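Before any questions on how it binds or moves, here is one chain, the form predicted on its own, in structure tokens.
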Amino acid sequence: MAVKFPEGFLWGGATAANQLEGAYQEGGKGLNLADVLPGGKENRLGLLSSTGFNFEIDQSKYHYPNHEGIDFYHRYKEDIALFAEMGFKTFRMSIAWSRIFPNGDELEPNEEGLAFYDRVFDELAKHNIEPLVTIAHYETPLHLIKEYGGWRNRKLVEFFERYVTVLFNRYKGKVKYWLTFNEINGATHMPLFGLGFSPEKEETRLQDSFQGLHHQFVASAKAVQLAHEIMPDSQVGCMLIYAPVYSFDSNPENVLYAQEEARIFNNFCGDVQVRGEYPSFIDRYFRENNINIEMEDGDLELIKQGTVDFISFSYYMSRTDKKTKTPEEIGQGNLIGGVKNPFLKASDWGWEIDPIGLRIALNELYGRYQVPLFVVENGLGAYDKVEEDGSINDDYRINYLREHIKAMGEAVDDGVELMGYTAWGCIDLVSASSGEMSKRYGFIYVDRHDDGSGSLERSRKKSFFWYKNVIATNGEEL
């Protein structure tokens, strides 16, 4: 028997401005982090994991796919019409901070940038699609990175407060659902993405990362309070990357290790943003890693008063781990580490596929926090083949999504309060982790390739029609 999803369940898709908008120097926009990240898996992952990234554009050496994205900036009406055709109830998007404040530290916003998002929100409203807006999605203005050192610098709290105040005053009545920082807990793994800095040396990475996180906790709490003041009917969520951590075996040492890893990665940021306080378990971690957080008077009270209304999260994979592992045992492709799980298959990019893990994640989160949950990223990056007749038979994507939606339904039956589901990359876009177009997630195919060639024309994949029916039946027909 099919599990019934709640009435008003928010089905839709998810994107980020830096991965689809393009127009990187149009409309008064300033440069941001994504604009200096080159394409290609080897280029991007190598630079992201290195120390001392120089943040310069070198077009003689690299291709920068984010500069054009899929040209949503000029084609948003066409794309939103396709989302409406699928029946989207919601569309998760982000605002590019450097469209609103090109350098990030100006006193007055850029009107052209504000007007662009007005047009997007008006177009969504025309089709009765509720926007779900991420305020900061790996899009730190480049000036704030080069001049201030990113979120390590307390000054960014002030700049972020100015930014969100402008957004909330401008878009009140147009946007009800907001997320503060995308995948905030991933910042210690890739501080360049989340915190806007490249560690000078590995020895200071954790100290700088957790200091930057504290500044984001303060900024997020201020944003929640401002949203509730300016838009009383608004709801603001945190956004986590969530991956259940399994012990490799029943060895108590490995079980304890997996539990400790899960607490730091999955629970720390959620505890601060949902419960409003630093959890007791972090004290030992800070002590053993020589981490000392500088706080200002009133920070902890502010964090306590600025807790989020709901938890949103991305789910792509689980993690299996053991205390002692050899290099050969480490799971290839899983961005969050661990060892290979012998019970799971992996995607073309090595990400292990675990639908049951989504049900586990939902139950873990709801059991810990008892606040509404929202799955805002989940999807399969895969190679798609265009047939001679133009069709794209992506049954592998349908199968992936079907099993994950089934797992969500089971979690709802378990008693989890679930608000909605936005499949990641509902239209093909530039991969954040690899800078590739060939790693496709969408229901909608975009004729754009890794070398920058292609017409940018849109076409419907087989999964487009499947997801349309899923939404029409509120998940009863999968």
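Quantities reported herein were computed from a predicted structural model and do not represent experimental measurements. One rule holds for the numbers: they count along the sequence shown, beginning at 1.
Beyond the structure shown, there is the form predicted together with 6-O-phosphono-beta-D-glucopyranose, which is absent from this document and is the topic of what follows.
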query: Touches 6-O-phosphono-beta-D-glucopyranose in the model of the complex: residue 183 (any heavy atom, 4.5 Å); finding: yes
query: Proximity of residue 439 to 6-O-phosphono-beta-D-glucopyranose in the model of the complex, heavy atoms at 4.5 Å; finding: yes
query: 4.5 angstroms heavy atom contact with 6-O-phosphono-beta-D-glucopyranose in the model of the complex for residue 377; finding: yes
query: In the model of the complex, residue 137 touching 6-O-phosphono-beta-D-glucopyranose (heavy atom, 4.5 Å); finding: yes
query: Single option in 427, 418, 31, 432 placed near 6-O-phosphono-beta-D-glucopyranose in the model of the complex, where near means a heavy atom within 4.5 Å; finding: 432
query: Interface segment, criterion being heavy atoms within 4.5 Å of 6-O-phosphono-beta-D-glucopyranose in the model of the complex, picked from 32-40, 54-62, 439-447, 407-415; finding: 439-447
query: Stretch 303-323: residues contacting 6-O-phosphono-beta-D-glucopyranose in the model of the complex, 4.5 Å heavy atom cut-off; finding: 316
